[in-house]
Ligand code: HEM
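Here you get one chain, nothing else, as structure tokens; it is the form predicted on its own.
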Amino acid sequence: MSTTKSVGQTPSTLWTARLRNKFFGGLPPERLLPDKQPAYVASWIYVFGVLTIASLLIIIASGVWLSFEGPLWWHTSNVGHFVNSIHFWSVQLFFFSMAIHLWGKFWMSAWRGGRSRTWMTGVLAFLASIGTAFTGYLVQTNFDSQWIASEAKDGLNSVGIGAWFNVLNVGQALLLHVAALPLIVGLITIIHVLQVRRRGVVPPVGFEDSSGDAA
């Protein structure tokens, strides 16, 4: 008697089935892409989270453009100056919005209701963004970047990591700024948004959520 299973009879013990059940069990389609939100979401504090993501998209788009054209282009071309300015000011908007969003959620105790992972991914995204911005200053290829690199070199050497991170190496800084760190920030941001979808937006302090548990 043959024990071969048909294609449509895949056992639920397979890792693909377990992964599917785990993902859609916590994130059903109506929660992943909701068409309505609680009334307390209509607050300006939540707008800054959206502004942070929107500015991050502009940063990535303008950064890719700058990377393709190179330093000579953004230092000498009028269009290069414009794109470089868009990249710079979108970074300012990104950190401004993120700081307000982070502090707003801190005073709202956003880790309530099992949302500790949502809070921690937001904090990690902020810390990773600082490193990304720092490497961005190192690849400006101007006097500012040379000064920042020379000062940072001493600081990194003093804590014993200068052998791995050579801030005077423009190629290494460019690789970290363009490839490695943006991927980390983007991945953490996606996880953060999925955590928000899974746990829901944190209600105001003292507000009873839809499950009947205290917020």
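Don't overthink the numbering: it's just position in the shown sequence, from 1. Just so we're clear, the structure is a prediction, and the values are computed from it rather than from any experiment.
If you look for the form predicted in complex with protoporphyrin IX containing FE, you will not find it shown, but the lines that follow are about it.
Not one of Ile148, Phe165 and Ala173 comes within 4.5 Å of protoporphyrin IX containing FE in the model of the complex, counting any heavy atom. By the criterion of a heavy atom within 4.5 Å, Ser67 is excluded from the residues contacting protoporphyrin IX containing FE in the model of the complex. The closest heavy atom approach of Gly63 to protoporphyrin IX containing FE in the model of the complex falls outside 4.5 Å. Among residues of the shown chain, Gly136 is not one whose heavy atoms approach protoporphyrin IX containing FE to within 4.5 Å in the model of the complex. For the chain shown alone, Trp73 is not a contact residue for protoporphyrin IX containing FE in the model of the complex, no non-hydrogen atom being within 4.5 angstroms. Between 184 to 192, 165 to 173, 152 to 160, 25 to 33, the stretch whose residues reach within 4.5 angstroms of protoporphyrin IX containing FE in the model of the complex through a non-hydrogen atom is 184 to 192. Looking at 83 to 116, the residues that come within 4.5 Å of protoporphyrin IX containing FE in the model of the complex, counting any heavy atom, are Phe94, Met98, His101, Leu102, Lys105, Ala110, Arg115.
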